[in-house]
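Two forms, one protein chain; structure tokens for each follow separately as structure 1 and structure 2.
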Structure 1
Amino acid sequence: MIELSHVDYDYPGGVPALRDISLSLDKGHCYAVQGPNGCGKSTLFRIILGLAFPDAGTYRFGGEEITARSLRSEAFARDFHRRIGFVFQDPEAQLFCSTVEDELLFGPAQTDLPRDEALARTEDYLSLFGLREIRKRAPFTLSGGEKKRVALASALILEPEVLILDEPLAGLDEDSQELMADCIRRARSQDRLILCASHDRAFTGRTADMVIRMGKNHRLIGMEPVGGDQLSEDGKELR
């Protein structure tokens, strides 16, 4: 589903973020991306979301190469963006409607879903995510955890094939963490592909089945099943 081949990425000014990343990711799995601060996890997600493009190497989604040029086709870009949902590390950056209910309705209203179905689905997701009481509130007035729940509901309402979660637990209380874990497990059982960067090993142990480990040098250390042998930075097994 997602294929990266020898991807390099630098930020302007030559700040290295990704070095020679090759990955092949399939549906029905939840991949936990682990590595120290600044190793390139969020940058990897920006590439997968088509918000940044490799300086070298290639990125394919469902067999199609994703480049600045391929996303210039409006129909192709719309289809691609609809297939990937995400919750950013800072959800503030992705909420822009004037009420919570509009935020949820925004995605379905952009698709060819009939209006009454889009409204019905919005009601379902407001209930599912415990957002009914705050449905008329402006997203920017919500607490951090509430914002995250709205962002997650807005991502899942489109039932995307791929779900990207960058530090999904930050700011969440126990109930909301459980809701997040349930969402991931359900998405996995529905044959979606989930990518999740979290520093919480207990959480990834409960939700992910594969671990992708990145090193300080912005390179891949390896990918292994959850519960398998842990590799250290230099690739040696830790016991």
Structure 2
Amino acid sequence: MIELSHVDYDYPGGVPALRDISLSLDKGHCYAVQGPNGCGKSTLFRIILGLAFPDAGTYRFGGEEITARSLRSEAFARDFHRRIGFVFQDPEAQLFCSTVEDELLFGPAQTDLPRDEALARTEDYLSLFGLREIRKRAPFTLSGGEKKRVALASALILEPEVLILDEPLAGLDEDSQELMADCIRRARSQDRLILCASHDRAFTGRTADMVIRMGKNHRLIGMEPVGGDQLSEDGKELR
């Protein structure tokens, strides 16, 4: 579903962000991306989302190369962005409607989905994520955990093939973390790929089946099953 081949990326001034990243990611898996701050996790997500483009190497999504040129096609870009859902580390960056139910309805309303089906999906996701009691509240009045659940429900309501989560537990108390982890587990499907950046290894163990490790040198250390041998920053197994 997602294939990166020898991807490099620099910030302005030649500041390195990614070096020689090659990954193949498939549906049916939940991948946790781990590594120290500044290793390139957020840059990797920006490239996968089509918000930045490799300086070298290629990125393919569903077999199609994603470039600035390919995304200039309105039809291609609309289809690409419909197939990827994203939840920011700070959910306030993506919540802007007047009520919770309007947030969930906004995405389907922008598509060619029939109105009746859009309303039915909204009801389903309000129930699935425990949001019925706060459906009429303004998102800015919600707790951090409630905001993250609204953002996640708003991403999933379009039934994306890929879901990307940037530090979904950041700023949450223990109870909210468990609720969020449960929502992510329920989002798993054989028809969906989930990619999640998290420093929390307990959360990773509860939700992911594969771990992608990145190092301070902006390179990929390796990828292994959750619970398998862990790798140090030089790629050697930790005993």
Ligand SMILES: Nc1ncnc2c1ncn2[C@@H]1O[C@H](COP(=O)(O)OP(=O)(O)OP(=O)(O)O)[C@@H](O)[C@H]1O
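Numbers follow structure 1, counted from its first residue as 1. Owing to the predicted nature of the structure, the values given are computational and were not obtained by experimental measurement. Take the two forms, superpose them, and find the largest set of C-alpha atoms that agree within 1.5 Å; that set is the rigid core.
Q: Which of the two shown corresponds to the form predicted alone?
A: Only structure 2 fits here, because that chain is the form predicted alone.
Q: Any chance the CA of residue 171 moves 2 angstroms or more between structure 1 and structure 2, core superposed?
A: Comparing forms between structure 1 and structure 2, the residue 171 CA shifts at least 2 Å.
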